[in-house]
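As a starting point, one isolated chain is supplied in structure tokens, in the form predicted on its own.
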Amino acid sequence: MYNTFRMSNKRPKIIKPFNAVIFGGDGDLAFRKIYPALFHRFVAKQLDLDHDIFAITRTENCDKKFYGNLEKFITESIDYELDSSLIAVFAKKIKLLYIPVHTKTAYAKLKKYLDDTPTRQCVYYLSTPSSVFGEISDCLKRCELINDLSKVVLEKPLGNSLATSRAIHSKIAASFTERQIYRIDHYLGKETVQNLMVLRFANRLFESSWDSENIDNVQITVAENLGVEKRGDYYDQSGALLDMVQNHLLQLLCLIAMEPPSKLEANNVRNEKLKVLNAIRLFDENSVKDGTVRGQYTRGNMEGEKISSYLEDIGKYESETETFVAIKAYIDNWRWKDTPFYLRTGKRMIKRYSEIVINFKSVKHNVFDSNGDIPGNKLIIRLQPEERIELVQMTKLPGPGGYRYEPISLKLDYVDFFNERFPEAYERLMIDILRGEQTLFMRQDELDAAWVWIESIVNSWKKSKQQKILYEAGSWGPGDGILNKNHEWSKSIKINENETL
């Protein structure tokens, strides 16, 4: 039986019977994101069709621990009334397979299962280090487990440079076509990110003013209150620039800055995103000094608790890796000429939140009896922890005494306005993969263009020997008295009604 999930006014693609094969099936990401996403879609009856899930593990005889963790993480993800017996029903759909190496012999049991259902689409989810993506893909091909219905899902990081990214792609491309490859970025599955498309392209009010003539600047912020946790070895090789900017923040920038696609279809959207990536101004040894800030957190306090430094967290005496980065970027095209896009992300910040702020220019002339310019309108798109949209506009204060005004927010809070539960980002993305809908997934040429821009920063940092700036854990990052006048932009970005960096 086929099932559909109506997410827009266009007819959605059907979900066909499938086998989901999850490599790294007993890993942290699988338990926290992948299985809960599939479970909640199962409960919503979107997976009310023939399917099986295969969890690939390199640990032998771990069934009890696996199913215990599965129940634990699914239970923790439930935020609505539900018959708990459904967890056991869902768990029966998951088969745990021990595959310690990528050889035909080791894959024999998997092949037998998949060969028993030859008409199903097979989705291979590689929740593993990217260093083995090629090895897994090659073994699937040699075992004749790839056909026209097959798909492969790739988790980041996809390399740490343009060269390594292309090398990973070349290995995967030897087994899968671009049409079969899904490079996942969970930020693109968030409801408010999806609504950004509707705000822009379904509201003349915004689209007619969505350019440098009307917008003063755009700010994209992803602040994290956590440190590196258990990812120290990986993070010290990447840093904030590669871990967050190269994928999440750049994808958000593309959705804000791209031209309207002729149709809301995968390649039309990705073509427009590619144009943006190719138009972002590259950095050189001089511009990187004024246009970027690197920071690293030191000891501090968060809610009365003493917090260790980054070096203590990774167990090293020294490291040049940045845990905070702020970038002043420009897009050199007709729409965005000379409009700065401020990108900022950091760990051990005072609070966790992600948001996009569109700062409109002020009116050209103040006709009221007050000095100075009238502050411009703001469109604030909050991605986490809560999802909401605010439009800040000037409003007259009630009462006599002339025209006194102040900014007032018109808020669309998703939780308050809509009664139904909002699927998590991975739920939306998993359904799109099963449907064969690639709009929310990066194409390889997008990834290449992103790496070209990122490497202009990395190489310019090296040439200019740009130093990192230390900031206290539990702060808003590098602050007053530390940055010179050329970097005022990086600490004066509006965070919300009461806080500025």
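Predicted model only: the values in this text are computed from it and were never measured. Residue numbers run from 1 along the displayed sequence.
Just so it is clear, the following notes concern the form predicted together with ligand BG6, a form of the same protein that is not shown.
156 is the sole member of 335, 270, 156, 378 with a non-hydrogen atom lying within 4.5 angstroms of ligand BG6 in the model of the complex.
Among 236, 224, 71, 387, the residue placing a heavy atom within 4.5 Å of ligand BG6 in the model of the complex is 224.
The three residues 253, 281 and 328 each lack any heavy atom within 4.5 Å of ligand BG6 in the model of the complex. Put simply, residue 231 is close to ligand BG6 in the model of the complex: some heavy atom of it is within 4.5 Å. Not displayed here, ligand BG6 is kept clear of residue 294 by more than 4.5 Å at the level of heavy atoms in the model of the complex.
Although the partner is absent here, residue 179 is not a contact residue: none of its heavy atoms lies within 4.5 angstroms of ligand BG6 in the model of the complex. At a distance threshold of 4.5 angstroms between non-hydrogen atoms, residue 151 is out of contact with ligand BG6 in the model of the complex. Stretch 238-246 is the contacting one of 254-262, 238-246, 166-174, 200-208, since its residues have non-hydrogen atoms within 4.5 Å of ligand BG6 in the model of the complex.
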